[in-house]
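Below you'll find only one chain, the form predicted on its own, shown as structure tokens.
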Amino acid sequence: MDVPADAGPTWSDIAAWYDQLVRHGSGPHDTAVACLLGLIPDLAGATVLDVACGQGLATRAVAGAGAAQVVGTDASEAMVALARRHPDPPGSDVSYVVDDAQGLTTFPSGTFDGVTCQLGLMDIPDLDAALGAAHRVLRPGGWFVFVIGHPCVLVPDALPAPRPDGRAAVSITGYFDERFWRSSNPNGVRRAGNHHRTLATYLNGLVRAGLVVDAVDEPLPAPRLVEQQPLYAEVPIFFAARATRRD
């Protein structure tokens, strides 16, 4: 799925806005970070690459959870510049590099014990290239943990459909139509664009990359998410998985 050559904003265009969104407290990000950390194995002594790191929220969380070294990487120079301005957890070893997740050419093969990607795979045009690059930079036995917007719920044509009893609900159509799309919400994250893919596409991508799924999660919402978006007390906002390089 190629990105259309339209006039929509890029992640670099909305980087400062996105940084402020996260700084001020975001229920989706609270939920995503907790989910990511819940799937990561013991971090003692681990070197970790955080792919599509954005302004470094997950990078800092992984470092704060005990990793020996964490490198955040993103294709957006604006995002990486913002990440470098944030204070790192005390005693942590954190650095940032501008690189494309579809190649990770900065990093030699077999460099990391773990790779994370929080809310990034949906933004990357070539899923197979990104998963293959993650596999390549992992040491044998290394793990890959990712969190994505739940592809069965966050469908481009989804609409609110509250039930007669007042419970929040959503109407889904067009799930099988894989495509790049932009939200029309001028204050929404997905105005920067998003690749809708089926859940099967993500799981088969892991298989093709040689990554074996060990655990999955559809996390319950953080309290702030329920307050901000009550729908996600009823349906999952995210899907997440941990997979291992077995070879």
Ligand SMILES: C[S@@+](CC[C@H](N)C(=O)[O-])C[C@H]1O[C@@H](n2cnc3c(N)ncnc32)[C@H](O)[C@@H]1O
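Throughout, we count residues from 1 along the sequence that is shown. Not measured: the values here are computed from a predicted model.
Quick note: we don't show the form predicted together with the ligand, though the next part is all about it.
*Asks:* Residues in which of 158 to 166, 83 to 91, 135 to 143, 100 to 108 have heavy atoms within 4.5 Å of the ligand in the predicted complex?
*Replies:* Contact-bearing stretch, as computed: 100 to 108.
*Asks:* Within 4.5 Å, heavy atoms only: does residue 75 come near the ligand in the predicted complex?
*Replies:* Judged by the heavy-atom cut-off of 4.5 Å, residue 75 is in contact with the ligand in the predicted complex.
*Asks:* Does the 4.5 Å heavy atom contact test between residue 18 and the ligand in the predicted complex come out positive?
*Replies:* The answer is yes: residue 18 has a heavy atom within 4.5 Å of the ligand.
*Asks:* Might residue 57 be said to contact the ligand in the predicted complex, defining contact as any heavy atom within 4.5 Å?
*Replies:* Residue 57 belongs to the contact set for the ligand.
*Asks:* Though only this chain appears here, would residue 52 touch the ligand in the predicted complex if you measure heavy atom gaps against 4.5 Å?
*Replies:* Residue 52: contacts the ligand in the predicted complex.
*Asks:* The ligand is absent from this chain, but in the predicted complex, do 11, 79 and 118 each have a non-hydrogen atom within 4.5 Å of it?
*Replies:* Answer is yes for this spot.
*Asks:* Which residue, 124, 153, 148, 71, has a heavy atom that falls within 4.5 Å of the ligand in the predicted complex?
*Replies:* The residue from 124, 153, 148, 71 that makes the contact is 124.
*Asks:* Need the contact residues for 29 to 45: heavy atom within 4.5 Å of the ligand in the predicted complex, sequence order, or none if there are none.
*Replies:* Read in sequence order, the lone residue that approaches the ligand (within 4.5 Å, in the predicted complex) is 29.
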